[in-house]
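Below: one protein chain in two forms, given as structure tokens, structure 1 then structure 2.
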Structure 1
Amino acid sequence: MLRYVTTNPGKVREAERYLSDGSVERLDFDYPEIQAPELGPIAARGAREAYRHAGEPVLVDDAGLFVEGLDGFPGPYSSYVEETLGIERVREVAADLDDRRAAFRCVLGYCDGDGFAASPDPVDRGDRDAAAAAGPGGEEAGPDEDGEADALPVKLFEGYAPGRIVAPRGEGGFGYDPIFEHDGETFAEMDTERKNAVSHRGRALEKFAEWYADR
């Protein structure tokens, strides 16, 4: 059984569109998130922590809104910015930019305690990225709980949805969906099926499901 680490049942339903029925269940596990400028190290560390907790295959995701004219901000800090500043403030800042292009990005991290064969998709083989993100004075990456530095590799799958920041439109979705326009519609204007088909998470799940079928 694959455990999708999330508090959002909607993510599990989305995953079920790409995986066989009954093969994925939600795992409510509050792992500590590291601070890092990229999504990959955050998802990788979360997958390791979740696997150590569950003892069975786990899938973790980390996602964010990256605004081109703001050098990718809010990026990995999207949830914090939404909670503290709100999406309307992000939209106001972007409205003054010449370049309002943006993208939703999602990285899925999969860990089952085993290694992975070489493939085009990246594999994070240790916590070195997390240690680097800690900066000077932070703890260096050491061995995991079994004493082996590379014992818990994590396979990463990225999904990407391009668009631009616009005035809020639509009643659906959540988070930044009302201000993110893709192909003429905001995510908040799309029905669930349409959004899942083009979303960053859906595209990452599609890549994962194709790989996982042979795992």
Structure 2
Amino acid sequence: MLRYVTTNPGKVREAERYLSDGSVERLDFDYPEIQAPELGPIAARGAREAYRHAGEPVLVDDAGLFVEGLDGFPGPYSSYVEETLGIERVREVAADLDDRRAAFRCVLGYCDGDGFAASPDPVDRGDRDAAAAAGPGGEEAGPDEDGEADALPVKLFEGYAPGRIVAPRGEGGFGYDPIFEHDGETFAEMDTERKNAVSHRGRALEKFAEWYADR
């Protein structure tokens, strides 16, 4: 049984369409999220933690809002910024910018304890990639970021949605959806089906579902 790991009901609602063949269940597990400058390592670390907790195949979802005029901020720190500043303040800051373009990015991390055959979507192996790049002996450089010499491989699926920051509109969605406009509509003005068709999460889930069908 595949477990979709999140405490966010909004993400579950959006993922259901892609994972609704009865072989997936939500796992309400709040894995400790590391702070890192990129989403991939955060999703990979979360997937390892969740797999160790569940002992079954897991899919974790890490997302963020990247504002061009703020050099990509809040990006991987989106959750912290939403909790502390709130989306209204983010929109106020963006209102002063010349460039209000922004993008949502989502990285899904899949871990089932096994390795992966090559495919276009990347695999995170903890520090082993860096150790290998360091040359002979690099593998023995010490434990990886998880504190383990042998990190579980995690397959990553990325999705991207371009848009811009606007004054809040719409009642649907969650998080930053009311201030993110794509093609004239905010994500909060779209129903789930429409958001999925264009969103970062929809794109990543589509890639995952296609790959997972052959797994």
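Take the two forms, find the largest set of C-alpha atoms that superpose within 1.5 Å, and that set is the rigid core. Just so it is clear, the structure is predicted and the values come from calculations on it, not from any experiment. Counting starts at 1 and follows the sequence of structure 1.
K.L.:
Of these two forms of the chain, identify the one that is the form predicted together with inosinic acid (IMP).
P.N.:
Structure 2.
K.L.:
When you overlay the rigid core, is the Cα of K207 off by 2 Å or more between structure 1 and structure 2?
P.N.:
No, shifts by less than 2 Å.
K.L.:
Fitting the rigid core first, would the Cα of R194 be found 2 Å or more away between structure 1 and structure 2?
P.N.:
Comparing forms between structure 1 and structure 2, the R194 CA shifts below 2 Å.
K.L.:
Report, in Å with one decimal, the C-alpha displacement of R13 between structure 1 and structure 2 after core superposition.
P.N.:
Rounded to one decimal, the shift is 4.1 Å.
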